[in-house]
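In the form predicted alone, a lone chain appears below as structure tokens.
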Amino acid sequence: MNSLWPELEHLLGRVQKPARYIGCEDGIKVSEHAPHKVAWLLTYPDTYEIGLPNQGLQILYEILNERDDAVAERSYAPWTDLEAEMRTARLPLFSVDNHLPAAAFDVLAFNLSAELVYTNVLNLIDLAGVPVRAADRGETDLLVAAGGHCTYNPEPLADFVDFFVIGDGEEVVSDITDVLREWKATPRSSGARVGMLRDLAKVPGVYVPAMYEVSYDGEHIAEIAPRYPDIPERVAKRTVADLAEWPYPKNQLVPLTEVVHDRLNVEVFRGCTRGCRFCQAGMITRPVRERPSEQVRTMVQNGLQRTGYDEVALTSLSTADFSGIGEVVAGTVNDPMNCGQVSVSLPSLRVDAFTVGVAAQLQKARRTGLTFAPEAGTWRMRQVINKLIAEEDLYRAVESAFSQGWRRMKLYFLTGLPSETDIDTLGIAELSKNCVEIGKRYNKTASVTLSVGGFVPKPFTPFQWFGQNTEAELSRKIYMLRDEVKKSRGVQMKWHDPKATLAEGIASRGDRRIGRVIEAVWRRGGTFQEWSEHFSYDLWVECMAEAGLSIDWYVYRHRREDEILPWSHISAGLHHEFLWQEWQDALAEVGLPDCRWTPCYDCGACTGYGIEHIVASATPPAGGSQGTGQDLSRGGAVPVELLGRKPVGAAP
């Protein structure tokens, strides 16, 4: 098909930030479409500046374009101004690489990183010229796919997406391409699409909603069952065993316009064993798979030289836990090629793994802000959520940073956690005040920005059975904390809108019936719900009521152990018994140390996939606080001692 650029170009003078739509990045792939190639339109359902840095999309972009039977281009959600112009001019969704219409592709594939983009997904399907509901699509319509962390509960989008990828995408995207290549080579006769979807449902890690029937017993789900005997009862996630085999992206895209996280990004490991009970990413990405230190150094060095960036982020869920972090940071800041002008960012820092040595190495480069995430304000609360960080751990890390010249840092906390009291909430202000006082020993202008988010229980975490705090209760806690923070000079506070937290709870914990709510919100103009200026609390409340669905039932109530959850037919590799016992331990305020340095807890992540944690070092990080306490039985059939479990029951 011909490029839409001639029609698009004259519209760009009427919109904000036209550079969002022109492509032309350094590292772009020159793709050639052909009848025998499976064409993927990889789409991030948010604006270009949010979506361009997404590593998952860039990795698949490179892997697919390396195949001789596939081609991949990218698309992003047009902002409201361009969307209005496109609809007036009858221009469809297009790729930014060659500005081809969506109809030139076989698959419209979304990366789902946050639930509030769901209405954008429907909007982009509609802009692509495809029926929004999967059941209404014909043999020649392109396929709609989705991957990313949100797909561990695919049900709210089950009516709109043809297939979901659960887990790591590097290997499965090629398996899917093989099935689609065969489908393209056969005549598009009646029933061919259903047959192809049935074949996709047999690919490990692929979930096809149309192949499953959901039945209800009143409000509750009675059963989620496959329609055919050759379809698996549970869809298990895909796990890449060896990250060293996938050194992607090899050529990170460098945009022509400003984007978020505008720097070189290198993933150092995947997975986490810290066991934070609120953290979905830490649970679903197990086991830990580290990239070899030498490969990280090579990716950093080559990436900096190719892109011209002067900042590199070493990414993971807990970067300071990377066994080679010291040598990688030292090698980067001391590399003579960088002339001492490269800064190193360590997102997702664990305060009990951040040492004076790491701070000293980072000090040699240009300093950016540091972010630590204590998550809760008291030791009791941190035992509940299993974030076993003592106040001394935090203050030691803060002092390490301020003593090396940092002047500002950000602390991230959650509120609305299980069993949280006002004392726990006010403890957040106390920790922040104490951190500022430490900073002022070294610099009078030291400051701390306190960021507070409302807690949403997510699938495949021990808190998936917890009933979320109401919007009114979250608001009360946040305003109480705001008033307390005002008493401390040098502490600023930001918070996430509790009303948006409610909408996130609806979208993240819903079943298929929530799909009609998402569709209703979209049809009433509710796009870009993740942007505060476009978010509409009233829309979500009204559409839930009109659908006859209770917010209290979907969001605020506690779940039973034997309840069939909307994601019960999906497997993240974690035993149900493990998650339930972790929930019981949370209520008992019992913490559990990192399993990387203890015998196996039998969560299922390693044994279920035939691999164990891939860690270069076998020694626990120095200075980390694992806590102390008496060995306790967890009350199950197997004594805790036989599993090597050593819960933490007392403050260090």
Partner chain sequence: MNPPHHPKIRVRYAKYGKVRFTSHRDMARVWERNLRKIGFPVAYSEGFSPRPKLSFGLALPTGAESDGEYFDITADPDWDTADLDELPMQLNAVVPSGISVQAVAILPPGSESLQSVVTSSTWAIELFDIEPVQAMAWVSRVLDAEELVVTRERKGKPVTDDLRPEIRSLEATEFAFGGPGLVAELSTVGRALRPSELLMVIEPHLHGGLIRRRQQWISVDGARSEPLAVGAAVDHRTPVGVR
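Keep in mind that this is a model prediction, so the values were computed, not measured. Positions refer to the first chain, counted from 1.
As for the form predicted in complex with the partner chain, it is not shown, yet the points below apply to it.
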Ser532, Thr140, Thr298, Gln305 - the one with a heavy atom within 4.5 Å of the partner chain in the model of the complex
Gln305
Considering Gly467, Pro255, Pro204, Pro247, which brings a non-hydrogen atom within 4.5 Å of the partner chain in the model of the complex?
Pro255
The partner chain contact at Asp68 in the model of the complex, heavy atom, 4.5 Å:
no
Examine Gly525 and determine whether its closest non-hydrogen atom to the partner chain in the model of the complex is within 4.5 angstroms.
no
Close approach of Thr88 to the partner chain in the model of the complex, 4.5 Å, heavy atom:
no
Answer yes if any heavy atom of Glu430 is within 4.5 Å of a heavy atom of the partner chain in the model of the complex; otherwise answer no.
no
Quick one: find which of 568-576, 267-275, 506-514, 404-412 has residues within 4.5 Å of the partner chain in the model of the complex by heavy atom distance.
404-412
Of 1-34, which residues get within 4.5 Å of the partner chain in the model of the complex if you count heavy atoms?
Trp5, Glu9, His10, Leu12, Gly13, Pro18, Ala19, Ile22, Cys24, Asp26
